[in-house]
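This document starts with one chain, in the form predicted alone, laid out as structure tokens.
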């Protein structure tokens, strides 16, 4: 089966074509051929100047991550024919949210710098013996350990697309691997740093990082675990945590979300005044939530029981973890 591959090319040192452009190649594709095998075939038989990264060919190293028909995937474990039948074309581009260096090769320096920011190594507390790791402890961080640093999650991240300083899902998943480890002695300090601007609270929960991760790392789940851990540690002096507290308070008091009141609880009165122009634009498009005159639901006691049980379990879990870390 002959299939046309449209590949986004880019060579900054080429004075005649220094801007990105699409180049098409016809390639004979047998059943089972992967995108990486097709790229190798094109480079071997048609155009040796075509540049792309590759290594293990087994979905282990993460080197061959590219955008295939608009979505980040590993070229080595994406078969051409099923992909072509699904999308109707084969468009291969460099990963989004990464600066192209040449053709499909992108600059990974910012990726590694973000990874360095979370100090991806355990730092046991001084003078304390590390607790034994149980299967349950290992299961908590298991998904984050599967990351192969391919960059697919960062490429699909909407927050990173608008803020290059956002720490991004790959580094946050690695951060949970460390913070969630019972042997880590500086989890609270790490959570403080991750709660700062451009940190974990800047995630907009678009779920793309989890949807397009080729190794089922589920970065969004790791981000949620980090946020939950920070809240349990009382690290709430930031808009993200205050928003969660406002949501929790609203549901506990009324059994429902009072969105009109949440802005004031999240931003404070003065900062909320600055949101008036935005509120007017929302009102113009019918998107402004109305305050509840009679906010409380009828079965509020049931909601309160859920909160009480949740708090009891949280305290029990915290006591158990503290006991284990002390070696009791």
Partner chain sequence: MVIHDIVIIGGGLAGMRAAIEASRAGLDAAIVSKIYPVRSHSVAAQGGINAALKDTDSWENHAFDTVKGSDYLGDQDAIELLCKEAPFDIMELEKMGAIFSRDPEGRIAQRPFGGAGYPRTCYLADRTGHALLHVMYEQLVKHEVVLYDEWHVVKVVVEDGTARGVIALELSTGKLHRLHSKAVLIATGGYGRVFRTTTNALSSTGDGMGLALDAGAELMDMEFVQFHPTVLKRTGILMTEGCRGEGGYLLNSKGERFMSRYAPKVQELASRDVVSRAEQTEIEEGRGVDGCVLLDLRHLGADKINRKLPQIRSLAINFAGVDPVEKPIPVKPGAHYSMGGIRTDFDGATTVPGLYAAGECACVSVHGANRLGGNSLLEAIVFGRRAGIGVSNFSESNGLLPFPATALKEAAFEVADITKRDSGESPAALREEMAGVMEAHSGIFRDRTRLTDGLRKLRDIRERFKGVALTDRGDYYNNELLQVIELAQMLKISEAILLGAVEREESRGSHFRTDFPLRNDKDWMKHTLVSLKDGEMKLGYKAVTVTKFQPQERKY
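Remember, it's a predicted structure, so these values are computed and weren't measured experimentally. Residue numbers count along the first chain shown, from 1.
Absent from the display: the form predicted together with the partner chain. The rest refers to it.
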(request) May I ask you to check whether residue 135 falls inside a 4.5 Å heavy atom distance of the partner chain in the model of the complex? (result) yes
(message) Is residue 187 part of the interface with the partner chain in the model of the complex - any heavy atom within 4.5 Å?
(response) no
(request) May I ask you to state whether residue 178 is within 4.5 Å of the partner chain in the model of the complex, using heavy atom distances? (result) yes
(request) Mark residue 76 yes when one of its heavy atoms lies within 4.5 Å of a heavy atom of the partner chain in the model of the complex, and no otherwise. (result) yes
(message) Counting any non-hydrogen atom inside 4.5 Å, which residue from 90, 191, 171, 147 sits next to the partner chain in the model of the complex?
(response) 147
(message) At 4.5 Å, heavy atom to heavy atom, what parts of 103 to 124 sit next to the partner chain in the model of the complex? List them in sequence order, or say none.
(response) 105, 108, 112, 115, 116, 120, 121, 122
